[in-house]
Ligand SMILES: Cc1cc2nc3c(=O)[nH]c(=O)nc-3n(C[C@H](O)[C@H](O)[C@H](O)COP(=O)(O)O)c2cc1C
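Read the single chain below, which is given as structure tokens and is the form predicted on its own.
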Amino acid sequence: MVMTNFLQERKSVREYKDQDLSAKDLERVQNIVDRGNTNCKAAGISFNFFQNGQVVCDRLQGKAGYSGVMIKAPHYVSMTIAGREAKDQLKTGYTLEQINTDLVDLGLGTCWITLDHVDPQVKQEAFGTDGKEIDYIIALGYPRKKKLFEPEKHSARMEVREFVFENDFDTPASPDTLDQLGLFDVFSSVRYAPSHKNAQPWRFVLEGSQVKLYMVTGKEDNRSLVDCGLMMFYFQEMMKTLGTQKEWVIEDGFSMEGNYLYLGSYSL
């Protein structure tokens, strides 16, 4: 699927069929996890595949999920990252959504679940000795079919002019400028990247041949950093569809500019 379409159609699945994945799909998921561990080892990131989802769900019931209700799924994939710095939060969002996209490409339903507020002892009971370091998991399985006439749920999204600027934060980028750069469709799709409480904390400033990335700071900066990392993954993948193979350059030390944290840049 074209990445721009994938992002606009991306939906978290919170209800799953009460059945395990087929042996073939279990093998495919394990291959994705194994590949992720190989590719991310140098970055201090590791994944685990928990096939017995009932155990995980029971241990986390009332302690994780949405409004205290745990997302019940037949299986879960966990992610652990060694560092806890701001850069590591960006890596978390980027890498977790990368593996999540691979899972969705198998035709599976998935949903991120945040565990950073869960007591380490509870996480250890759910995932084993190293579980206390797990802050995010992905629920996965075959999605339950929607009920007839069940309405779609959509969250409000910012307009492109509200988060893409030229040279400074006082000048919204014009559609003509974005069209000339081939970026209008990319930014139009970036609007659909999911974020905690739909905060959409990313801001872009176009300066010459660079797209500079900033984050709106607030009370939940760690989660906003994870969201920005997720968005960076999609932006980079969409740019690949335009024939650009470049990557984000992340700053060694993030700096503040007013209420914005400067994270890095992408060269056009």
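Residue numbers here begin at 1 and follow the sequence given. On a predicted model such as this, the values are computed, not experimentally measured, just so you know.
The form predicted together with the ligand exists for this protein as well; it is not shown, and the discussion that follows is about that form.
Contact with the ligand, judged by heavy atoms within 4.5 Å in the predicted bound form, is confined among 49-57, 225-233, 206-214, 29-37 to 225-233. No member of the trio Phe163, Pro201 and Ser265 reaches the ligand in the predicted bound form with any non-hydrogen atom inside 4.5 Å. This chain is drawn without the ligand; in the predicted bound form, the residue among Ile71, Leu183, Val77, Ile81 with a heavy atom within 4.5 Å of it is Ile71. Trp112 is the sole member of Trp112, Tyr142, Phe127, Tyr94 with a non-hydrogen atom within 4.5 Å of the ligand in the predicted bound form.
Taking the partner from the other structure, the ligand in the predicted bound form has no heavy atom within 4.5 Å of any heavy atom of Lys17.
Taking non-hydrogen atoms only, Ser155 approaches the ligand to within 4.5 angstroms in the predicted bound form.
Proximity of Thr244 to the ligand in the predicted bound form: non-hydrogen atoms within 4.5 Å are absent; the residue sits far from the partner. Although the partner is absent here, Ser195 is a contact residue: one of its heavy atoms lies within 4.5 angstroms of the ligand in the predicted bound form. Residues are counted as partner-facing when one of their heavy atoms sits within 4.5 Å of the ligand in the predicted bound form; in 47-71 these are Gly65, Tyr66, Ile71, in sequence order.
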